[in-house]
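Listed next as structure tokens is one chain, alone, in the form predicted alone.
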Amino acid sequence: MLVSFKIQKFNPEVDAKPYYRDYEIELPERATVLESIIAIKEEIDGTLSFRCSCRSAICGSCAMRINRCAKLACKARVADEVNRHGSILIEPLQKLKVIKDLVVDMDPFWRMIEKVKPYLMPDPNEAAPERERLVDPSTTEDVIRNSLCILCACCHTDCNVAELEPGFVGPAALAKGQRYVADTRDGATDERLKSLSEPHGLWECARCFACTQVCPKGVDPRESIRRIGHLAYERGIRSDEGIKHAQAFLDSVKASGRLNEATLPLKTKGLGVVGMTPMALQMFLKGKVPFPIQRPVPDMEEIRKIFELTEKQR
């Protein structure tokens, strides 16, 4: 089949800005996007630059944006992309500096991974075992699931929060952190939870599930972030504004069945809400400030039953 590609090109040494080049190439139905761009490089444009290695969705090096979504080029099938979009648009991963064409500088991503200390830290007060430290079977699911991560950066570069807040540690790093939080061989659980709960940590997650959607290995970073937050809350690590916001949200629904947007900023930021006065004034002038006193919803008893059942299951 004849397939049309539009590929972003950019060599910072000679180009003022990125541009797109169109290609057409005959491909077999079974071809992957990676096989296609290799063919384009060999047959049409020898200057096209990209990374690849295993060709088996194991190394993660061929991650790129394919039709506006981060994917592994070796896993994406040309026929699927053409059926869905008609043609194929290929761009480098977002939020990372382009070195040349589809090759990006991964250093910022590696620095986020380093922040979560991705290695076991045994309790220094615990005597070393005579043999190896065994994994508790109850935590095997978390350890194995998060160990499937191939560090391709798809989830990190498609993360909506990372787009707005460059300091956000990102879903890949948080999932990696949860892998060690869950490991019973690690002796720094509380230390890790406190670190992951700091500003730019787990509570900045917008719960949009974009990371889980693009993960090519089924790691489900959002579920890992949820589990970290749950454990941090259970252990009393609740000083971050993010968890205060979540608690205020919960209290509001528990009290009236509604979200009280008027009191939410005060309960989240405390006296820090004073800095939001100019925005509050603009909202007031536009009629956007909600009334702080709310009547409970008609089926409030049903909502209370949900809370009661949830608390019994904890």
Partner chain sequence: MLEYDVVVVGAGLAGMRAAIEASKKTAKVAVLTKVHPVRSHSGAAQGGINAALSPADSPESHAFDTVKGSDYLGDQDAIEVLCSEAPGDIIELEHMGTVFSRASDGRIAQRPFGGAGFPRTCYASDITGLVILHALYEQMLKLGIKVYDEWFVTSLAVDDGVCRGIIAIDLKSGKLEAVKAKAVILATGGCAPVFHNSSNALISTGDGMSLAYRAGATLMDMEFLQFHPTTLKANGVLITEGARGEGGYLLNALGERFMAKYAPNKMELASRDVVSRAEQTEIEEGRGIDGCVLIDLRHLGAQKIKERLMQIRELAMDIAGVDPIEQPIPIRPGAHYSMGGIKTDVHGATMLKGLYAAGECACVSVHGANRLGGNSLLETIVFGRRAGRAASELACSVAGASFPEAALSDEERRISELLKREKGERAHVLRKELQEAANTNLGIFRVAKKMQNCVEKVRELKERYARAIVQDRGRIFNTDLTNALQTGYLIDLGEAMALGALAREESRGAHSRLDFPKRDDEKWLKHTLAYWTPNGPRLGYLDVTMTKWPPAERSY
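Numbering follows the first chain given and starts at 1. So that the term is clear: the rigid core is the largest set of C-alpha atoms that superpose within 1.5 Å between two forms. All figures in this text were calculated on a predicted structure; none of them were measured in a lab.
Absent from the display: the form predicted together with the partner chain. The rest refers to it.
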Candidate from Leu96, Ile99, Ala79, Ala188 lying within 4.5 Å of the partner chain in the model of the complex - any heavy atom:
Ile99
Does at least one non-hydrogen atom of Arg133 fall within 4.5 angstroms of the partner chain in the model of the complex?
yes
So in the model of the complex, does any heavy atom of Val103 sit within 4.5 Å of the partner chain?
yes
Contact of Pro28 with the partner chain in the model of the complex (heavy atom, 4.5 Å):
no
Is Ser147 close to the partner chain in the model of the complex, meaning a heavy atom pair under 4.5 Å apart or at it?
yes
Taking only heavy atoms into account, state which residues of 54-91 are within 4.5 Å of the partner chain in the model of the complex, ordered by sequence.
Cys54, Arg55, Ser56, Ile58, Cys59, Gly60, Ser61, Lys75, Arg77
Core superposition between this form and the one not shown, C-alpha change of Asp136 at least 2 Å
yes
